[in-house]
Structures are given as structure tokens and as C-alpha cells.
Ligand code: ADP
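The form predicted on its own is given below as one chain in C-alpha cells.
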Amino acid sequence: MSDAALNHALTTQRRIILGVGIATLDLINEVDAYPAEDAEIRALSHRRARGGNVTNSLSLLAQFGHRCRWAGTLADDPASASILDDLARHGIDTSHAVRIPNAVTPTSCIALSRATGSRTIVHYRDLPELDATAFASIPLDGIDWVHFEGRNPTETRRMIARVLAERPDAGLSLELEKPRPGMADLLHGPRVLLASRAYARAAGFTDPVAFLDDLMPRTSATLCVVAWGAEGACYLARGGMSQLVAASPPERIVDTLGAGDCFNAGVIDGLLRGLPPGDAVECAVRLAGYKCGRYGFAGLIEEVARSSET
């Protein structure tokens, strides 16, 4: 099923997607194993990369062939230039980014364990979020899907309201990555909710089915999805029952960084192309699993497509 669904996804119409969220500078150190407190170890490798949940997802959606646009804030330091260059290489339109003077680019210092493939992130951010006033200047004509990162709930609620008023037929999704004050106000409006396991656990749930069964009555969404790491994912379409989708792990876990962003991109892509929710989630699980078996996002969709043909 997942091979057929993916092949369908790679041969159907491309859409215009607007993603709203942050962009970061990631400093990634690969280590043998995560160090103990107060230890001093040598990194096996080091690289700098553009990060950020929404921009990661857009880079995958662009590989599918969609026309992607990013809306967010940028500092006016040298690191922001590298972020813009990277997004341009992916063909992502950044013309609606807002420059913040005298600001510093958000930075994530990441320890990537070669032993497990897991990542530990220390994030520093002192940059204002995009606000609804800035979002109001972004034209929504022709937009097929808008995806929000779920940051700054007060402003995001106003942005969602504008999308619903001006583009009622467009797809509208919201990522629930971490609990934040005011998050409950965002549950009415988005048509698709994409939750993380960390979000579910912070809400007191250890079972994805129980989490979705609790979430659905509290939202207007027609589809709720939660990624559950090595155990796969679970989805619930309104009027139906929660369904589990088994994980698709690689032979060896290499790099789990950004797997959730990859998963979200897979769900959005599948739904945009008319796949049933179950097929879209299957494709997303497969993409996320494939990502965990390699470094980075470059060429990921092409590699998955080739693997489907063998």
C-alpha cells in the first residue's frame, strides 16, 4: 500500500504551500554516545545546517515538487544569510520573511549519538515570533495549504482566523509540538492537527489512541494525527475510530533529527494529493523511517522513490 501511495504522490498535481514558523541555525556534533554531565568528549563530526520545524517540512514538500513559501522572522546577522541561501537552494520563497534589527539568529546546539541515532537539543532563541500584523500583509490568493508551527498562540489564533475568512477552501494544519500557554485556543480552526509524542505525554497520555480520543472532541479538526516515534503513528478521522500505523524503521538508525518534520510533510503532501488519511499517514511514517536511516534531508524524496521501484 505505501509503495503505491507514494508512487501516486509523486505523479500528481503540485500545489502552493505557505508555512509559518521559525528558521534556526543548527550546530550538529556527532558523538559516539551522549556524554555524562561534566564530561569532555571529542565530536566525530561537525556540521552547520539550517533548521526549524516548518522550514524542514517545506524543504521536503519542495522536493515533492510543491511550490513552497515561508513566513517568519529573521535576524539581521550573518547567520540569517546562510538560512536564506539554504531556503533558496530548495526553491522556497522567502520574500515574506520579516527582518528584525539588532537581533540574533536562533541557534540549536545538537548532540547526535552514533550509538542510538537519537539527538539532544539545546535551543537558544531571543527573536520575536511573526505576528498577525505582519501576516496580514502576506497575500493568500492561490494558496492551497497553510501550515502553522503552533508557536505564539495568541498571534497564531488571529492568523488562523484570517486564513479561514479569506481562504476557506484551503487546507489548514497546525503542529502541536510542545504545550504552550493558550494552545487550547488554537484547536478550533485548523482542519488537520499534527501532534508529537512529546505533546501527548506532556498532556498525561502514554497511549496514542487514548490521546486522540481525548483530543478530537475538543477540536474542530476533521483529522488528528500523532507521531509516536519507533512505534509508528496513530490517526483519527472525525466520525471514525483511531487507527494505528506501524513504524517503518531503517536497518540502522543513523539520524533522527527532523524525523517529525519529515512526518508532517508526508501527511500534508498525501492529503493535498487526495490520498485517504490512512494512506497519507502510511506514506508519512515511511518517509520518517527512511529519514532516520540517513543524514539530513537532501535528496530524500528521490531516494525513497527509487527504493519503491526496486
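None of the values given here were measured: they were computed from a predicted structure. Sequential numbering from 1, following the sequence displayed.
The protein also exists as the form predicted in complex with the named molecule; that form is not presented, and the subsequent description refers to it.
Contact between A230 and the named molecule in the predicted complex is found at the 4.5 Å heavy atom cutoff.
Shown alone here, L61 lies farther than 4.5 Å from the named molecule in the predicted complex, counting heavy atoms only. Proximity of A280 to the named molecule in the predicted complex falls outside the 4.5 Å heavy atom cutoff. Although the partner is absent here, W70 is not a contact residue: none of its heavy atoms lies within 4.5 angstroms of the named molecule in the predicted complex. For the options I17, A288, I301, V20, the one in contact with the named molecule in the predicted complex, meaning a heavy atom within 4.5 Å, is A288. Shown without its partner, this chain lists I41, A33, A247, L244 as candidates; in the predicted complex, only A247 has a non-hydrogen atom within 4.5 angstroms of the named molecule. With the named molecule omitted here, the record of contacts in the predicted complex names 248-256 of 267-275, 61-69, 248-256, 33-41, defined by a heavy atom within 4.5 Å. For a residue to qualify, one of its non-hydrogen atoms must sit within 4.5 Å of the named molecule in the predicted complex; all three of G260, F263 and C292 qualify.
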